[in-house]
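Read on for two forms of one protein chain; each stands alone as structure tokens, with the labels structure 1 and structure 2.
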Structure 1
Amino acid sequence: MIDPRILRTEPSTLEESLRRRGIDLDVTSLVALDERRRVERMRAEEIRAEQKNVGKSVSKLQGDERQAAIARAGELSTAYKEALAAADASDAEFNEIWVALPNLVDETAADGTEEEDAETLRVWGEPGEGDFLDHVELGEKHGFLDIERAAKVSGSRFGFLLGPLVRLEFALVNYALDRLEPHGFTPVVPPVLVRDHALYGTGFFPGDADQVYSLPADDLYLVGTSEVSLAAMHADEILDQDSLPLRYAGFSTCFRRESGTYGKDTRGIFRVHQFDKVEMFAFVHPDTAQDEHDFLLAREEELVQGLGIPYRVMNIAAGDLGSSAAKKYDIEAWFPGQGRYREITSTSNTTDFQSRRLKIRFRGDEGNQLVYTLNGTAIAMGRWLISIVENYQQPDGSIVVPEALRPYVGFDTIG
């Protein structure tokens, strides 16, 4: 959630941020609504104060003066109820709009409103040349992926991972944790079922509710990323400044409806309803958030480079940012089977957008302040597995295991 003071002190900043995101909102009307609700709240409090004073005076009065005071107290009681109802209605009207607003866009985020508007910052590695099978064809050839039986069991956008692909997945988990722990990341296996306050607190509610699987009978929701659980872990807490940065590496299964992607990336396991992921999450001092964002990106690049996968780093366009992100970098790996770069990691600086909702502060030299939160993909299993098997396929149809993963799987090739 954005600090409401921005509306009162710098409405043009909010207006410009919304414009960059491609959101059409009458900020002037919102300023007027905010002023009106505050005036109405003040009026209700003034009436309440007068009501209390009149009530106190009744016992000290006699005769007509006492009856007049009692009558006045009754009038004030009615007026207070009416003023309070008006103030509450205006607050509700304002909050409905305010909680749906996305974070303020960082001035260094790329301009544009479409995915194609992202800015390429750098390219690493050389895409291979030649004829390549995609991961589905390779899975059929080597028997490590079964889409048809998964469809029989669960419907579309699911897959059975089998044999060596399972070994590679758990190799990737250990590979990531071994490289993140020395940088201060504590491994976590978080809950994947959360209450609605965790999704609201991280900004996925109300805007992305259609992407979330729910269990209405239990008032619980399946997370689409462990970011939700990790962020909410410290909700309503005041952290010590000396404990910052707090860094976690959460491994979890993730669930997404993928609403709005009908007919898009339906082949194989690139875009599925269920996948496993190692997610980085950090709570930091506001002054270090930009450096932390670069740090998370460096960890992602280190992981991808360690496997020798060609990639490019993208500065995501303002209009393509998630609601909680002020700025986001994506790493897009080369997918030979598709003949193009596709996203395999992202890292976002969410500033105090999440901590304001979750009430996460730190005790610093200037009193209690909101922490800043950042997140970043370490390994999103399905897409990383695709990039490995496609990039490391050989002319004879076999697949070489990246050298960095061989100690974890115990074999050098598949097929």
Structure 2
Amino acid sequence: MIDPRILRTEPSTLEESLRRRGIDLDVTSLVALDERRRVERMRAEEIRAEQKNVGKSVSKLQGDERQAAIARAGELSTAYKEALAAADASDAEFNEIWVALPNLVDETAADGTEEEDAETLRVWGEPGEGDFLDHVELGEKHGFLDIERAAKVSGSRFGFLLGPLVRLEFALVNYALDRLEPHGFTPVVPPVLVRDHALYGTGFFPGDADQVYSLPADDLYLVGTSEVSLAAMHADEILDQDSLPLRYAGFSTCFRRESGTYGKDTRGIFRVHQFDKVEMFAFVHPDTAQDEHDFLLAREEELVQGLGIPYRVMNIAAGDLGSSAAKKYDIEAWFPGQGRYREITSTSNTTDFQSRRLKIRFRGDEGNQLVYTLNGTAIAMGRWLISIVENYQQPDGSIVVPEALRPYVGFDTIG
């Protein structure tokens, strides 16, 4: 959620941000609505103040005077209820619009509204030459991936990972944690079932509610990323400034409905309903948020480079940002089976968008301030496994294990 005060101080900034996201919204009428709700709130509070004053005098008065005061307070009580209802209605009207607004876009986010509008910041490594099998073919050859049986059990967009692929997954998790913990990331296994406030707080509700699995019998939701649980972990807290930056590396299974993606990335486990992920999450002082964003990106590049996988870094276009992000960098790895670069990590600076809703503050020099939150993928399973087996396949069809992972998996080649 954006600070509503921007409507009074610099509505043009909001207008510009919405324009860059390609959202058509009448800011002028929002300013008027904000004005109206404050006037109505003020009116209600004035009546309430008088009611309280009269009410307080009751206990000191006797006889007729007392009766008159009670009667007067009764009138004011009624008037207050009406005024309050009016103010609440205006607030509700305003909030419905306001909570749906995406975060203010950082001025350095790339222009445009499409995925293709992302700006390429740098390219690392060289895609290999020659004919490549894709991960599904490799999976069949080596027996480490079973999509068909997964469909029998669970439908489309699921997979059974088997044998060496499972070893690779756990190796990747340990590889990531070993490289993040020295940087102050506390490993966390968070809840993956959360209440709706965690999803509102992180900006997935109301906008992306159709992407989230829900368990209506228990009013719980399955997270699409541990970002949700990690962000909400410190909700309603006032942190010590000395504790910042507060960094976590959350490992969790992620669940995504992938609604509206019919026919897109249907092959293999590139886009599935369930995968495991190590996610970085940071609570920081506002002044260090930009640096932290670069820091998270550096951690991601370190992890990808450590595996020797070719990639490029993208500055995502304003109109392609998620609702909570002010700026986002994606790392796209080279996928030989697809012959192109595809997203394998994503790191966002969500500024105070999540902390405002979740009420996460710190005791600062100028009183309590909202922290800034940032998130970034460390390792995301399906895609990282694919990029490894595809990039490391040999002419004879075998797969070499990246050197950095060998201490963890216990073998050097698959097949």
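Residues are numbered by position in structure 1's sequence, first residue being 1. Note that the structure is predicted; figures quoted are calculated from it, not measured. The term rigid core refers to the maximal set of C-alpha atoms that superpose within 1.5 Å between the two forms.
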item	value
Of structures 1 and 2, the form predicted on its own	1
Rigid hinge motion between structure 1 and structure 2 - rotation in whole degrees	18
Core superposition result - C-alpha of Ser57, shift between structure 1 and structure 2, Å	7.8
C-alpha positional change at Arg48 between structure 1 and structure 2 - rigid core reference, Å	3.3
